[in-house]
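This document contains two forms of one protein chain, each encoded as structure tokens and listed individually as structure 1 and structure 2.
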Structure 1
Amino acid sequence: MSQKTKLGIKELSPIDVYRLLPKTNCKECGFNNCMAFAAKLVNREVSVENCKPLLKKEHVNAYKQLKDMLKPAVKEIIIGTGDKAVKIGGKFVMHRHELAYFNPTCIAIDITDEMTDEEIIDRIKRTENFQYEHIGQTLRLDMLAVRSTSNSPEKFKATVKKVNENTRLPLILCSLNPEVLRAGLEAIPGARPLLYAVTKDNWREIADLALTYNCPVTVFAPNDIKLLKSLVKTLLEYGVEDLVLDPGTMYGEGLADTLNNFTMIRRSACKYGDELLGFPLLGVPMTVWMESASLAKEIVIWREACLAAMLMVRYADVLILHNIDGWALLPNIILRQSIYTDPRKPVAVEPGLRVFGTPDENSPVLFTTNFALTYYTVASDIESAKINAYLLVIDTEGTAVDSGVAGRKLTAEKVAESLKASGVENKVKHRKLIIPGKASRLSGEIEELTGWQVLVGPRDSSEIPKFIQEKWQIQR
């Protein structure tokens, strides 16, 4: 049993790591001493390789022990190569609040080898062009899954070649026929797609393909975790190490089993150190299209989106979808963003002075906090109203206005310091500062410390345009 399994994520402490470090306090890692570096390693904020002395020959055993101790419960797998590569898995904990989740769930859109060239190009373009700006991040889709519905090696090879030539995204090649998969791999040598899938009937042939082409492979055993583990053990002994697990995606009466299987697999890996189940999970919400043929298209799309959300929450690392309509995809990519933010670090923007439009010496000066959601909401309301203004973004360690005031992260002293450091007083001839309505209790202190006149603005940033129109002209 490995040191990591003995200790578990919760029991692992900086002392456990420190014992294996060189203890030279050389500072080459960027920290003042080895104990500080050990604390960062436990929190997975730095890599073992940052310790240069540890990489020397005399420390090779300690290095190997640390790598084993700190490895994730769910192995990280790379699909694709170079700029096309994506990482999946790499999870240390079952629950996000225990540490953080790494490598967001990849969403793949399917393409079949019986689609016309026009359909294929259209789906590629729609997948690649799908993007949405949210809280300062550009949210996108990640992969394309090429499915062989014809079971023809020649058709599949031509389709894979066409898709690969027209996309920057990594691929999943989907067929249970080894000869079809072989043809697809021949079309894109060196591309390292994810192969889907190994079963109890074809494992040897597809394992040979995975070893020959250096590809990760999906292990498929619908609603049978015992068989799944058996296949994993067989593949590992055969030499195939980069595996993805698909325990089956069932809807309707099988939904409960689907969610239970995903949960039990991730629990076994993260809570009990079961290394045969310590691999990324793949879900196929598009199976609802096969079970809902008699329903209206919109209902099936809605079902697929709901199933995708459930699987994402239940630890799926890859999802294969059929629908590409934005109204159904958008909620899930925002859900994914929310799940994969680091709970230890508030989502924040850089503090400082922001300029909107073309402000002059008479333009209003406002402030807000550097909590990303607050900042982008305020910025959007100012931009949409085409207001020429200066916005001072104050470092509140990523907290919102009301919580910042309550927790003393937003104080009159910080406002005064930020106002001075921003240089905005050299950009305007007035000395009037509009503060958020939720920070009204700071108005008196801000005036005393800065000498600026404080105007208490609205509690909701959507009312800023109206406030500027009605109050600023009068006050100026």
Structure 2
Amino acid sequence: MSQKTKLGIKELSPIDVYRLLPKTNCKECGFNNCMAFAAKLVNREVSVENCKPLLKKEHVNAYKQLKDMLKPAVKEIIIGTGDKAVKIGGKFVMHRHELAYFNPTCIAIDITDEMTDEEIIDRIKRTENFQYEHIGQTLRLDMLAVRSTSNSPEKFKATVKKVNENTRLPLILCSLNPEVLRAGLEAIPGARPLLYAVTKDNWREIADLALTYNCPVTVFAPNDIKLLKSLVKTLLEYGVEDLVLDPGTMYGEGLADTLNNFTMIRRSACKYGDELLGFPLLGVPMTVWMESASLAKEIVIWREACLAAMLMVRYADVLILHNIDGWALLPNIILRQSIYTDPRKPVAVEPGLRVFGTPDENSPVLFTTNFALTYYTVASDIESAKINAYLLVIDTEGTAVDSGVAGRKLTAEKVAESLKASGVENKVKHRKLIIPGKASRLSGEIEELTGWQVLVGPRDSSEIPKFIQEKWQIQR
């Protein structure tokens, strides 16, 4: 195949990019010169459009070349419009350490056209209201997938209309029947939902719908990547360009095939420049509900969550789920946050003394490590309880308390040094140090080295407020 003309993410150098920039060092982009901007572009930290001169007519060719040179291996697709839109895909690499993953996996919750109005509204509300605060971010669900189980165009149209009136989330319209999908689209003509799905049997009708309504469309070819590619090629030639790929989500004995298909598709796109497979991947963990009649609900939810986790790790850009129970969704939205964290960001925060509220000479002194996740968790627990305190952040080279103690990155010596260097002894009258419960084994040594009395705090910082209230007050 002659598609290997484009340079991979690793091969592209700032020089390649610099050559196409205006080279005037005008600083309009906020960087000192065009070379610095080129370096940022290669790292995908800025977009080409930040170079204003490049957008002028005389640079149109260079702009186009740059756009093409910098475009992701997996096309970025927009679903919905305006403030309702989400972006999926836009991936440059297979492995997050090669750069970073962009556009976190969108999670869609299903609704059917045979559910009662109450049930539909309830599922919309639960999806929209779902949120969890973790490390300074609010984690949410992203979309609704409206399925036609009635296969009736009128019913589907009415349901899509109802859903659209009651939500601000973008939609996936699901039916393999073009007449049903058409009816759904008629209800929300300008909303740009994702259509599900083109198959080998209905591709022409659905391609026409996608063109008429300017919608992205899912290509569904279960466990058949050759067919999937053929359909993609056909649609591209037909003029439909915004595609999403569903190679089928099978569980049980089909699990290995499912993960292999997702992996082969993503590798073909990222490492072999296969543009026919360079589209976002859609997984449907809710297929587990198809053989669930004899099983307890919790078991099926459990399975669905396992499948969702594996697909999230193995490249899914959209997932359609049935379950909305928090206990099963929480691990997955936190997993999503984890793997979509930019691995180039530092693991550690600045060590040193932090002041919370307005502490006085009687306020507690605590310590924690400079691992970013540990620090932010502890800080948010102290802040939300409005405690006036000093928090000593110890340089453990970015490890958490327990692994710091185990790996000897958090030692009594380090605590003593940091305590001394912080000057906190001039700020408080007492000589009492609250240490993390998971560092309790260091307490004797810390007392010896610092001369301070150690109070072993809770093992989890969520209990700091209670600890301060109960133990610190008594101490005083």
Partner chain sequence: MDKKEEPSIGLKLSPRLIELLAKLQEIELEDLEMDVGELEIWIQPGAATSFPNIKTALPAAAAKPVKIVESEFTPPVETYPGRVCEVKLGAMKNEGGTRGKTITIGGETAPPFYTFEKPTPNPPVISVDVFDMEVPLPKAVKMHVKDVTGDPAAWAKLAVEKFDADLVTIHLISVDPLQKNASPKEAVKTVEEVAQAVDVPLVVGGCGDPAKDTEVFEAVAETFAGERFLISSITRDMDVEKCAKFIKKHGHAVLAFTPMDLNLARELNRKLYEYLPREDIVMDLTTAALGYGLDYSFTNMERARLAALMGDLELAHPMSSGTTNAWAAREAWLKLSPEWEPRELRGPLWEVVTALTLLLAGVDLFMMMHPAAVKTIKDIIRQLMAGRGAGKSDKLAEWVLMKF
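The term rigid core refers to the maximal set of C-alpha atoms that superpose within 1.5 Å between the two forms. All of these numbers come straight from a predicted model, not from anything done at the bench. One-based numbering along structure 1's sequence throughout.
Taken from the form predicted on its own is structure 1; the remaining one is not. With the core held fixed, the Cα of L70 is displaced between structure 1 and structure 2 by less than 2 Å.
Positional change of P285 between structure 1 and structure 2 stays under 2 Å at the C-alpha, relative to the superposed core. A movement of the C-alpha atom of N43 falling short of 2 angstroms is seen between structure 1 and structure 2 when the two forms are aligned on their rigid core.
With both forms fitted on their core, the C-alpha atom of V365 sits 6.9 Å from where it sits in the other form; this compares the forms between structure 1 and structure 2.
In the core-aligned comparison between structure 1 and structure 2, the Cα atom of L442 sits 15.9 Å away from its counterpart.
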